[in-house]
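Presented as structure tokens, the chain that follows is alone, the form predicted alone.
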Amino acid sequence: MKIITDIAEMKRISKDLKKPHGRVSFIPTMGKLHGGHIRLIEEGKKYGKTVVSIFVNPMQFGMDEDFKNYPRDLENDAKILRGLNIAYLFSPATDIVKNTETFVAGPKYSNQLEGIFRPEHFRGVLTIVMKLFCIINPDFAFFGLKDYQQYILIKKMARDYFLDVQIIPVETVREKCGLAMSSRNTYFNETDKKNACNFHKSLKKTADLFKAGEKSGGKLTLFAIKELIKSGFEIDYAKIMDKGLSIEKQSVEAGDILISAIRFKGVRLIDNIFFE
């Protein structure tokens, strides 16, 4: 596997991968790879020649967030990628964001949910993803549905800027207990990780209540909040939205999504569940 740090070299390689009729799949990550990343990579390999990037993007971290302490393990990540037969890992130098003076933002969708608690987060995410798209010029890019708001925003960005990339969603990969896999799960000790599993269980109980016949958005949201508080979580938000995240639902239908962020033992987690 070749590890590429230079932007110009990555551009040349990607251009070559697309000759004469090749297609490039791209999986952007911040490293510390886990089963969720591996699922993204496995999906990407079905569509084309696969490039993975690892870059901990400082632009998407707030001042009081964990940029400096975010888990990094490039050596082990490279080992995992070699085992998956990935030929190219793009690990750009920090100058990919240095001196950036223009940014991508989507105020209508960025200033709700995560955007309320992390005001500059999506500006940082969209800007770095646009940069990576410009460097790699992929035909397909893969994003996990755990970060559902991110997926919606990137999909809208690709559409609004007429990018020749298809944004492919990939189902959330979970621990046996239901906890969504995340690099930040490494912050937990075993006991706290076990208790954190109640996050998804609370969302699932709410979805089960919908299946049992409750359709009131207010009642379902209140039920979810009570379950999360009972599990000892501090709630940033728990809202029921349509699948496009355009409106908060008062009357819940199949296909709507319960999306939430909580804090537990100093770790912030996000997750969601669709109503069926």
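Quick note: we count residues from 1 along the sequence shown, nothing fancier. Note that the structure is a prediction, hence the values are computed from the model and not measured.
In what follows, reference is made to the form predicted in complex with a small molecule, a form of this protein that is not presented.
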{"item": "Whether Gly31, Phe142 and Met181 all lie within 4.5 angstroms of the small molecule in the predicted bound form by heavy atom", "value": "yes"}
{"item": "Partner contact for Asn198 in the predicted bound form: the small molecule, 4.5 angstroms, heavy atom", "value": "no"}
{"item": "Heavy atom of Val173 within 4.5 Å of the small molecule in the predicted bound form", "value": "yes"}
{"item": "Phe223: touches the small molecule in the predicted bound form, heavy atom cutoff 4.5 angstroms", "value": "no"}
{"item": "Leu40 within 4.5 Å of the small molecule in the predicted bound form, heavy atoms", "value": "yes"}
{"item": "Segment assignment from 105-113, 131-139, 164-172, 81-89: heavy atom within 4.5 Å of the small molecule in the predicted bound form", "value": "164-172"}
{"item": "In the predicted bound form, the residue from Lys146, Lys193, Arg123, Arg118 that sits within 4.5 Å of the small molecule by heavy atoms", "value": "Lys146"}
